[in-house]
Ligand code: RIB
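The chain below stands alone, shown as structure tokens; this is the form predicted on its own.
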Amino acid sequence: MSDPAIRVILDVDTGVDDALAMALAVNHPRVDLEAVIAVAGNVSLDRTSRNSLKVLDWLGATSVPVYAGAVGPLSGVLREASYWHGQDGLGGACLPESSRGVEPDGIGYLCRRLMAAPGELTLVCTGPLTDLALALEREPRIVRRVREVVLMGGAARLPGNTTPVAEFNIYADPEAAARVFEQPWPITMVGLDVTERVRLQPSDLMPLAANDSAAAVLLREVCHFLFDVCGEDSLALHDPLALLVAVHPDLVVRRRHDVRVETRGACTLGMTIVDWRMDAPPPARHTRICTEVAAERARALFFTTLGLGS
């Protein structure tokens, strides 16, 4: 008997790797993608919403709605990452604009769906956790309704990628992240400890130069800015790995610990703190922290799911 499908809601700040995670969700035979909620993060909410629609439409997923989430963090200024994703968030990808509109009130949609389908929906978050924190505030009972929260964010042991100690998604809204990690729901943290080990190189795109499939074109388009303009030698598949872990949890080794988020430190804002001491108090909430990854298998799954590998 084949494994059952996983019903997924994606919460994204659609930049380069969010777009690739969306492509995996659309193409994976075991993922039933119910909706996408856009949040401000890599770029503004207007751009992340438009990007989400463009990517879904390009992939032929025109029936998947896109909802507008939060326009900024719970407090403080919007911290964006256009320096990495380009001014439009998609690295200047030449994709047609969508003729569809963005649905309003993604927070309300998320609350309604989780309450209506207890234990059935997996929430994969690849941006700042603002939407989820606001949903918690509006309807605290969703903690008991969600099947699982899989988030790309944080760093349990490695340095950060935005500050010496903070990963971008957590740094962009540390207060929201702190609220999310404080809950007793099942959380899997797919952080830099594993995502930095699963990488895409320019050489991976060379065999796809003549491939005109939607996935191949998307991959080339969103990587153009980083590889050809910025001269980066690789791209970590942060957000795609989070989606893959939601479907294939055996890709990673997970350890149960509490995660605390620094919300006030002048030098440590957004740091995800894990107590690794041998005599540490027993964890209360048991976040499942990914510490090891089968990197080559994850890369192979990335390409085969998109129909770009054998």
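Sequential numbering from 1, following the sequence displayed. Everything quoted here is computed from the prediction, not taken from an experiment.
Here the subject shifts to the form predicted together with alpha-D-ribofuranose (RIB), a form of this protein not shown in this document.
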Exercise. For the chain seen here without its partner, which of 134-142, 221-229, 165-173, 100-108 has a heavy atom within 4.5 Å of alpha-D-ribofuranose (RIB) in the predicted complex?
Worked result: 165-173
Exercise. Closest heavy atom of S52 to alpha-D-ribofuranose (RIB) in the predicted complex, within 4.5 Å or not?
Worked result: no
Exercise. Hey, in the predicted complex, does M152 get a heavy atom within 4.5 angstroms of alpha-D-ribofuranose (RIB)?
Worked result: yes
For this session: Give a yes or no for T48: in the predicted complex, does one of its heavy atoms lie within 4.5 Å of a heavy atom belonging to alpha-D-ribofuranose (RIB)?
Result: no
Exercise. So in the predicted complex, does T272 come within 4.5 Å of alpha-D-ribofuranose (RIB), heavy atom to heavy atom?
Worked result: no
Exercise. Taking alpha-D-ribofuranose (RIB) in the predicted complex, which residues along 14-50 bring a heavy atom to within 4.5 Å of it?
Worked result: D17, D18, N42
